[in-house]
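One chain comes next, on its own, written as structure tokens: the form predicted on its own.
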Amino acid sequence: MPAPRTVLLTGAAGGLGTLMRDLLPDYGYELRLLDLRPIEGAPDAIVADLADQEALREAVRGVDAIIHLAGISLEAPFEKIVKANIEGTYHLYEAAREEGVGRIVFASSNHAVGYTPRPRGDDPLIPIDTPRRPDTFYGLSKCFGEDLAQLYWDKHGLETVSVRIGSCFPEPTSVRMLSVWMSPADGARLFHAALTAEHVGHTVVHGSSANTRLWWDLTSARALGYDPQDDSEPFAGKLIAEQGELQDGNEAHAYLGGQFVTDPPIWPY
């Protein structure tokens, strides 16, 4: 499909949102920014809660597509997860449906399948149709988001690409992350592919760079036109020297979700 001109970016003040604010305009997008917090240097950004359905309706009005990054991105009490990630995502989809937006790119997560054992040795890469095994309430909310996306495609014809993001940072910070890291540049490439591919219906893809130590299959992402250019391997020597190799007896190293399985980081707000 032709590249959308105007894209609503929710969660625009967050870590990933900040990276995409800088990178996506190079693909020709005019970004409309939304976050719960003001965004420094962006006086026109919309400051609104996902619970504010009237503000959401106004925010999505006239946009060509939505990249939905907003919500809680770590573990939190179930009640908080429900409000931000489950009810908030529902409100966004309803606003998009009411305003006739044709496509959403939904930030799902590796934690939707976090209890999937990591590949070892000659094991095959984790396929995109691996059973969902959330490792936290956070991961559970991403399973809900994927199901919501499927419902809105089947019932309303609203297309979604759900991107199970590994870890998108300027560089990997752990040995585990060497296998699921997505460089910011590759993140922008994947979001661009997700926004412009033809006839996606509801498509689920793994979101990472073409890492030497890759754990999961990128076939469905490549089918969108995604061509990752980066690899975490240049960072491997330093991280392994500092942290050691992954250990078979360490439960946090046994599963795709890593630390989220054993001692998940907690949302501070």
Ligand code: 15L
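Just so you know, these numbers come straight off a predicted model, no measurement behind them. Note that residue numbering follows the sequence shown and begins at 1.
Another form exists, predicted in complex with the named molecule; not displayed. Remarks below refer to it.
Heavy atoms within 4.5 Å of the named molecule in the model of the complex belong, among the stretches 146-154, 110-118, 192-200, 125-133, to residues of 110-118. The contact with the named molecule in the model of the complex, taken as any heavy atom within 4.5 Å, belongs to M177 out of M177, L158, A185, V82.
Contact between Y90 and the named molecule in the model of the complex is not found at the 4.5 Å heavy atom cutoff. Residue contact with the named molecule in the model of the complex: G166 places a heavy atom within 4.5 Å of it. Residue F260 is the sole member of 249-269 found to place a heavy atom within 4.5 Å of the named molecule in the model of the complex.
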